[in-house]
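Presented as structure tokens, the chain that follows is alone, the form predicted alone.
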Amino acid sequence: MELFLEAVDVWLFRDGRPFDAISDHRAVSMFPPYPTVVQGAIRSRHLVVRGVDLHDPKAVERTVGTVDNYGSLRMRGPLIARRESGRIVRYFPLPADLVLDGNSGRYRALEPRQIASLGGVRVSTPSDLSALLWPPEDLVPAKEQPDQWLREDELERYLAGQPVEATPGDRLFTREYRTGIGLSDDTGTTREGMIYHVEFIRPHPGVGLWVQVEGYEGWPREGALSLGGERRAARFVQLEQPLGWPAHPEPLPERFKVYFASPTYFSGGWQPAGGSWARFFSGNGQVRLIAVALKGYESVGGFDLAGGRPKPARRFVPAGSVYYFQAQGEVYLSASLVNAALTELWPEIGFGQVRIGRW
């Protein structure tokens, strides 16, 4: 099933930074939230759907698994989505290899150039990356605009190598800032120095989150669940016309790029340990990574309610990052990948989801 979630009021999805009296007084929201947030809401709602006694830990484990075992759940998303002309349209993070062309007002992809061909250019990139991403020669540089998104049809054009038009985030949602004070549990009065600032997300009318859920049956066509910080409410409805997820080309093109639609984790930081991509590809050929467009890193952690302690924070490659590969021979995405995801952590719940393009 595929769900469309809409906020009843506002949502709060804190990023991975600490938020307490010593470290910071301002909580920043991210949108869309990490899959870890939504899987928790989905699994909690599934317990209600199945009528499980929440005081029976064995029954809970049989139904939805444990903290580290997601059982039968397979999830994609969340992605920002909007009702447009009676249908749901998904929006994706702006690819990291796009730059704004001041001449056309559209975004164009950087082009990989062999470093050896760029005479006099010295770089600090790893030596096994043979190319740099370089602006097209006729591009007129323009000031980059923050918080840009691609409609799915624009993402398809980008993957086909065409210029694209982006949608500003403020057309999809608004960030609201609220100030609060800490109160003493004993006296109910203000605690000195305990003022804080929280950022909420208010999606615009018709804007919500798209989520694909497999492995869970028996859900009603529509309902409500708690989502994110402060257990804010969300309405959900099952899509009568599911959007699905596009199949990847088989075999992969000789020159292809991998766009990450959701964050991904690699044990070697921005790539698998030792730079070995063998576990993600199959066939009688080989792939070689030649260039990367990264959006820095994100810290993904959380809080283990059952254990009463914070979860370890790990550095993930952000959604929107793009990896350029060259293939020799017939190469496929490995059929053994869980959820067809390129990640070393939590593929079951939507991390490491990719779209493939040519370059």
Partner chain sequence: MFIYVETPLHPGSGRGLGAVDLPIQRERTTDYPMVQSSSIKGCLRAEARGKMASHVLEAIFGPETERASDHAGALAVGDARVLLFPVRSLAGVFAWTTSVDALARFLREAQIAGVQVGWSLPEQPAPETALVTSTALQAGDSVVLEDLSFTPDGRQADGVRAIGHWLAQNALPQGPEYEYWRRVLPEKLCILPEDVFRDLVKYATEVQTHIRLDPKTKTVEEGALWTSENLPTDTLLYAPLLASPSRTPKATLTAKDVLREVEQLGLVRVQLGGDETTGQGIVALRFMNGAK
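Here the rigid core means the biggest group of C-alpha atoms that line up within 1.5 Å when the two forms are laid on top of each other. Small disclaimer: the values here were computed from a predicted structure and weren't measured. Numbering follows the first chain given and starts at 1.
Absent from the display: the form predicted together with its partner chain. The rest refers to it.
Chemist: If the criterion is a non-hydrogen atom within 4.5 angstroms, does every one of 9, 55 and 231 touch its partner chain in the predicted bound form?
Modeler: Every residue of the candidate spot has a heavy atom within 4.5 Å of its partner chain in the predicted bound form.
Chemist: Can you work out which of 87, 191, 279, 171 has a heavy atom no more than 4.5 Å from its partner chain in the predicted bound form?
Modeler: Comparing distances to its partner chain in the predicted bound form, the residue within 4.5 Å is 191.
Chemist: Among the candidate residues 224, 273, 123, 118, which is the single one with a non-hydrogen atom no more than 4.5 Å from its partner chain in the predicted bound form?
Modeler: The option sitting close enough to the partner is 224.
Chemist: If we take heavy atoms and a 4.5 Å cut-off, which stretch out of 143-151, 253-261, 208-216, 193-201 is in contact with its partner chain in the predicted bound form?
Modeler: It is the stretch 193-201.
Chemist: Answer for residue 240 alone: is it within 4.5 Å of its partner chain in the predicted bound form, judged on heavy atom distances?
Modeler: No, residue 240 stays farther than 4.5 Å from its partner chain in the predicted bound form.
Chemist: Taking 4.5 angstroms as the cut-off for heavy atoms, does residue 176 touch its partner chain in the predicted bound form?
Modeler: Residue 176: yes, in contact with its partner chain in the predicted bound form.
Chemist: So in the predicted bound form, is its partner chain close enough to residue 48 to count as touching (4.5 Å, heavy atoms)?
Modeler: Residue 48 belongs to the contact set for its partner chain.
Chemist: For residue 137, is any heavy atom within 4.5 Å of its partner chain in the predicted bound form, or not?
Modeler: It does not: once its partner chain is placed as it appears in the predicted bound form, residue 137 has no heavy atom within 4.5 Å of it.
Chemist: Superposing on the rigid core, does the Cα of residue 181 end up 2 Å or more away between this form and the one not shown?
Modeler: Yes: residue 181 shifts by at least 2 Å between this form and the one not shown.
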